[in-house]
Ligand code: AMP
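In the form predicted alone, a lone chain appears below as C-alpha cells.
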Amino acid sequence: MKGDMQRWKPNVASIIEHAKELHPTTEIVSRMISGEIHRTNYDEVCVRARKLASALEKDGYKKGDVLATLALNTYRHLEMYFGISGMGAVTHTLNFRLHPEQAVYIINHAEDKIIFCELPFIPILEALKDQLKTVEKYVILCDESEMPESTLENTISYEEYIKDGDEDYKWPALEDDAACALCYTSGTTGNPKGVLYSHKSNIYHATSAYAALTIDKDDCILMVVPMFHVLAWGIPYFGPMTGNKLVMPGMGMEGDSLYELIDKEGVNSTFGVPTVWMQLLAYCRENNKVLDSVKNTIIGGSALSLAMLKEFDEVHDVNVIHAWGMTEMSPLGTTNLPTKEMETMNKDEKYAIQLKQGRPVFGVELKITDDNGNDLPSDGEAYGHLMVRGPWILQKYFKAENDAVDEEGWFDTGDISSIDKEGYMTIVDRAKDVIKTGGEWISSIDLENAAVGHPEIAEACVVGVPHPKWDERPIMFVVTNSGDKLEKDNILDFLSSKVAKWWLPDEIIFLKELPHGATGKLLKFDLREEYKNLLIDK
C-alpha cells in the first residue's frame, strides 16, 4: 500500500525562490577581490540566478551537463549554486588550491563544459588550458569593464553573460533523483574521487543540518568554509531556507579581515576549519580584541584542540560546536551541541565531551566494526572502523562501476573511532594514520592536540615511522609561535602529564610550516615517506 500524498519533484532552486518570497530584503554581504564590501539580498540573488539559468539554456546547455565554478565565497557563487543546478545542470565546485595535475584530472574526469572563473585564478587555467579536453567556454566573474587580456579562448564576463537572461525564468521539474552538484574528495594519495549529490539529498541534508545545528532564523552567519569544500557544509542551502543573513569573506581569510566582518556585520554564528580560526584567535590575542557578537562557532574539517576550545570559551565566551562529516556524506554526520547535563559539569568535564566529534544527526546511522566486519559495542572503550549510512551518504563514486557500500548499505569512512553509551562518537585516528607500536595503538590526533596545548606551540603533526623493535613509533613535527626551536625535553615534559609515557614521540622535528591540503587538513603522506628511515638508521 502506498501513501496518498502528492508526488514531489525536488529542485534546489525552490530554496532561493522561498527566500525571495519570504525574506527578500535579507542581506548577502561579500568581500570582493578589491576589498570592497558588496551588498545584495535574496530577492536580487534569486532574479540573477534565474537570468543565469536562462542564459545557459539559450547557450545550448542542458540537463545533466557539468558546469564548473573556480570561485570564492561571494554572492555570484551563490547565484551559480542555484542558477546552474536549478536549470538541471550539475554544479561542479573546483578547488583553486589543487595541484595542477589533480586539477587537470578532475576537470577532464568530470567533463566540465564551462568554467566560471574568478579574476585571480585566470593564470591557473591559462597554464592548464591545452590539457582540458571538454571545456568550451570560460565565464569570468567580473563586469564587462573589468575583463582582462587572456590567452583563454571563448571568454565572456559574467555580467555580460547573464545580462539578457530572463528574469521570469521558470525552473523545470526534475526527475526524483536528478543530479545537482559534484565535489571531489581531497585524498592525498591516488586520484580524487567524485561524489555526485542529488537535489533531493541536498535538500534533505540542509533541512537536517539546520535543525541539528540549532541555527536561529535571526542568526547572521559568517561562511568561512569555502563554497568549493563539500558545498560549504550546506550553508548556501539552509541559510536561504530560513532567511539567515550571510556574510562571505572572499579572499579575506586573514585574522584582521575576518574580525572586521564579524564586528561590522554583527556576526553571531561562524563556520570554518581550525586553521582559519587559529589566525583569527591570534589576531584577537595580539590586538586585545574580543568576539563580542559571536555566540556559536561550528568547527569541522579536522580535529578540535583543547587549547582552541578553551580560548574560544574562556576569552571570547563563544560556544564551540564540534561537527564531523566528509565529502561522501554531504558532509554532516555528527554534531556536539550543548546539553542540559553539560550545564552542571565543571569545565574539564564539559570540555572532555565537547572534544568528541558528537552524536549523529537525524538521518545518519553509525556503527563500529573490527577488522573482520563484526559489530563492536558502543561502550566508549571498544574502537574500530567507523561505518555510516543514510539518505545523503553516497552509494557509489562518480562514474564508478561498483558500489562503495557493503550489501547492507554501510560505507566505511576510513576512520578508527569509538562510540559511547550516550551515542557520542570520537575519532581515534584515520585508519591510515593510526600508529601501532608493540601491538598497541597510539592516536596521532590525540598526541597532536596535546602538543598544541603547549603555550609556545602553534601547530603539531604526528606520524608513525618504522621501528626495528616496536614496529612503529611516533615522531612529531612542530611549528612554534616564534619560529624558533624549543628544547626537546621541554616538550616531552609537557606531554608527559597529558599522555601515557609510551606515547611520547621518539623524535621532535621543528619546521617553519606544516603541509596542509586544500581544505586545511594536515598532509602526512609526504612527511611519512621522507622520514620513514629515521628510526631504522639510528
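Source: prediction; values computed, not measured. One rule holds for the numbers: they count along the sequence shown, beginning at 1.
The discussion below concerns the form predicted in complex with the named molecule, not included here.
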Looking in the model of the complex, is the named molecule within 4.5 angstroms of a heavy atom from every one of T69, G83 and C183?
no
Does any heavy atom of L246 come within 4.5 Å of a heavy atom of the named molecule in the model of the complex?
no
Indicate whether the named molecule has at least one heavy atom within 4.5 Å of a heavy atom of T413 in the model of the complex.
yes
Should T327 be classed as touching the named molecule in the model of the complex when contacts are defined as heavy atoms within 4.5 Å?
yes
Quick one: does I107 come within 4.5 Å of the named molecule in the model of the complex, counting heavy atoms only?
no
Only one of 211 to 219, 318 to 326, 284 to 292, 147 to 155 gets a heavy atom within 4.5 Å of the named molecule in the model of the complex; which is it?
318 to 326
Just to confirm, with a 4.5 Å cut-off on non-hydrogen atoms, which of S198, S257, Q354, S302 contacts the named molecule in the model of the complex?
S302
Could you check which residue among L141, A89, V230, L78 gets a heavy atom within 4.5 Å of the named molecule in the model of the complex?
V230
Any residue of 426 to 440 that, in the model of the complex, places a heavy atom within 4.5 Å of the named molecule:
I427, R430
